[in-house]
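Consider the single chain below, provided in structure tokens and representing the form predicted on its own.
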Amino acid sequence: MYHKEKSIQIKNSASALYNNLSVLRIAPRRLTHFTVVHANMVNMVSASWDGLNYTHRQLQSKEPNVATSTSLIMQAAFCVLPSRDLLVVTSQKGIQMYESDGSIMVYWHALDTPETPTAQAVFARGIAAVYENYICVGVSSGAILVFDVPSKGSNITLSEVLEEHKESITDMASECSGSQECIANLVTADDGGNLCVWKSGEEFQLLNKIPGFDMSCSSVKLWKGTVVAGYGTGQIRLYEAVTGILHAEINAHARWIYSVDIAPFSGLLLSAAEDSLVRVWHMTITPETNSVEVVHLHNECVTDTQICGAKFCDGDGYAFAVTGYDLSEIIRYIQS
């Protein structure tokens, strides 16, 4: 179903972080941006669709009044809002927001770090663009910071802090189907496997809390009102977002899942784990019977590689890309 394409080289290898790959497709310019985190840097590659041109850029973690920051970056993700695209970078010190090509930093938010070191690490992780003008970012305390983003300029403001999770945020996702009918439009996950389902607005409203089972939920997606969550057990669970009903549980991988992704137009689901496997599934949601069906379609084995990022490169799932710990390349697969 898929075959391997030419890999894209990156300047530094990928760190072993959840969801360590972000992809932004820019159709008018026939370009795709990729970002991969390495220690205190973000490797950024812009690849032309004909495969002839590659542009590299490296972004360093920043903090005020320090020339070079050593604070580790936890995640880099593109946020697509109706009026603009931003690249959001989270680290142990704070949150940086850049124009999507990485050229200009438009906003910096410092995290509250205790004067004396505590047992609890401080970092930000989990990034999602929600609705018209919000970007949400998770923090190690379990809080979720909601930023109000104007259609242009740098007047980004912290509009709300959601304090429902008690453990570190691992990942979050907004409704990706584009449907306005879905009541829930944000799901957040934490290190205890707990999921919170939200409705965005002037004030974000908690719709549902799906309890975890003391196993980290490392990657989460929301599609057509269904939460798709990947866990450290190697399992994927599909819940109805608003009611928390468990639709399906898949024993997908032998080891810790690092990334799940959805191609919203086709219902293809991608899962990738420490067991070197990337799997492609197909989801069908039948609203009349309130049922979800999942079928396994394809496997790719990246031998001897701890996979840490996997993303579809387009909304149909025609191609996907994969990163692995200590690999200085982005491996790409395309439908045969």
Partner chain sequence: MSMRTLPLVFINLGGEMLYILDQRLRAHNTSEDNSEKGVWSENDRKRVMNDIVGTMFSKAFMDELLKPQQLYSHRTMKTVLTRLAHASIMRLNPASMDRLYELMVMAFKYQVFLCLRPKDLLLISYNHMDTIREFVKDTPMVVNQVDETHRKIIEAYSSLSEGELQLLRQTLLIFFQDMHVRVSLFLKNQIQNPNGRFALMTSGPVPHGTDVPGLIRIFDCRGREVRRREFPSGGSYTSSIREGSFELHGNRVIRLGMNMYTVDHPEETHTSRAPSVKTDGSPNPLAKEELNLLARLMGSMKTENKPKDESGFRINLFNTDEEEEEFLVQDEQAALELARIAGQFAEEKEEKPEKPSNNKGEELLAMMDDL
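Residue numbers count along the first chain shown, from 1. Bear in mind the structure is a predicted one, so any value in this text is a computation, not a measurement. Basically, rigid core = biggest C-alpha set you can superpose within 1.5 Å across the two forms.
From this point on, the text means the form predicted in complex with the partner chain, which you will not see here.
Although the partner is absent from the chain shown here, A16, Q120 and H296 each have a heavy atom within 4.5 Å of the partner chain in the model of the complex. Of the heavy atoms in E249, some are within 4.5 Å of the partner chain in the model of the complex.
The shortest heavy atom separation between V45 and the partner chain in the model of the complex exceeds 4.5 Å. In the model of the complex, the partner chain sits beyond 4.5 Å of every heavy atom of S141. Mapping the unseen interface onto this chain, D326 counts among the residues with a heavy atom inside 4.5 Å of the partner chain in the model of the complex. The stretch that touches the partner chain in the model of the complex, counting heavy atoms within 4.5 Å, is 249-257, out of 141-149, 249-257, 198-206, 178-186. Put simply, of I210, C136, M74, A77 only one has a heavy atom within 4.5 Å of the partner chain in the model of the complex, and it is M74. Residues are counted as partner-facing when one of their heavy atoms sits within 4.5 Å of the partner chain in the model of the complex; in 189-223 these are D191, M215, S216, in sequence order. Core-superposed comparison between this form and the one not shown: the C-alpha position of P28 differs by less than 2 Å. For D50, a C-alpha deviation below 2 angstroms is recorded between this form and the one not shown after rigid-core alignment. Relative to the superposed rigid core, the position of the CA of T303 differs between this form and the one not shown by less than 2 Å.
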